[in-house]
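Encoded as structure tokens, the following chain is the form predicted alone, with no partner shown.
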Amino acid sequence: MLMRTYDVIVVGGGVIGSSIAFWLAREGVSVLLLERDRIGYHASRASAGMLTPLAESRVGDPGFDAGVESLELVPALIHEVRELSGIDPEWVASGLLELAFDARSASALGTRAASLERFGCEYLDADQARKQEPRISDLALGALWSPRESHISGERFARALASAAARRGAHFRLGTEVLGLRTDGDRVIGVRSSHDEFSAGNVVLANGAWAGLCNEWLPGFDIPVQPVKGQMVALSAPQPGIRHIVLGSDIYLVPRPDGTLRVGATSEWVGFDTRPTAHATQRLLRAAMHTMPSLADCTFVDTWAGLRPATPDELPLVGPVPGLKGLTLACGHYRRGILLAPVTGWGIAELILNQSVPDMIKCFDPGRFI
């Protein structure tokens, strides 16, 4: 049987892999995406879907500009993939409040607000913060208000990107596990899967927390990705509802259009264990009620866990694998996979089309771990 050849094979059908497939197909590249389960089934489905680059990193930090640029891509990208796929990713331009519960934290938030003024951020005193969100605790001394940040359904976003990619000509094989790479000397020429072999000029590994398991395929380079378990709780949203993302003491609260409130999340280095636990649920609920005491009256809906792909410096690996031509990494996004999906997909497409790494993603170069 004649082996089908593609320009690019993408391994992994989460939001990162789906974004890469979309941006490549958008440029007319022949792309095949291989996923062992379903689109958006793992970390994308488990996440709270926060698009919050200003809250999650500092001006001047590596990756800060990439996060802001990715957020800027969201409105037009959402419109395009929604029109092509018919799937609403449930993007909500909610804004974000980060609360301070002691004088030191309040001072630090004031300093950060000043550094982010060009993004519309400002420091609110306690009364101003409660005008934004009346349910926050009386113990809150103030808040950083960030109006440009937002949230989305990670799973629906992944599905919309994948469906839009298919409309642009991308091919998908679900229920197909990749077992290894096909190589010719120092060049990757395709993959071996549980069902077949496929050829391609470029292979992109976008398989999230499982990327580190591919190290046996790679001579001379280890992918430094480890799974970090994150547990989350869903409550029925209080009425009147919470309008904004709220960051409290070791907690975040994200109101979703389905009428639930996402409460997250833990960070646990326990391998590939995805069991929700009573202890973590108790901890999350306690922190949520400290941030908003009225949440004690909400109905408990669900709890679950997902695996974040972490690297030693908590920055993703996006770019060519040193010493192995034709192989590119797009993994290790840790807490920011949903946020960085647009700029990662765009950046990988630019890299493959132009054979050079765009400036915006150079700080994610996998070669920094050589």
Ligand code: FAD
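Note that residue numbering begins at 1 and tracks the sequence as displayed. The structure displayed is predicted, hence computed values, not measured ones.
One more form of this protein should be noted, the form predicted together with this ligand, which is absent from this view; the next part is about it.
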item: Non-hydrogen atom contact S70 with this ligand in the predicted complex at 4.5 angstroms; value: no
item: Partner proximity in the predicted complex: D250 to this ligand, non-hydrogen atom cutoff 4.5 Å; value: no
item: Touches this ligand in the predicted complex: P89 (any heavy atom, 4.5 Å); value: no
item: Contact test in the predicted complex: G230 vs this ligand, heavy atoms, 4.5 Å; value: yes
item: Partner-facing stretch of 61-69, 319-327, 299-307, 23-31, counted where any non-hydrogen atom is within 4.5 angstroms of this ligand in the predicted complex; value: 299-307
item: Heavy atom contacts to this ligand in the predicted complex at 4.5 Å, residues of 183-207 in sequence order; value: A206, N207
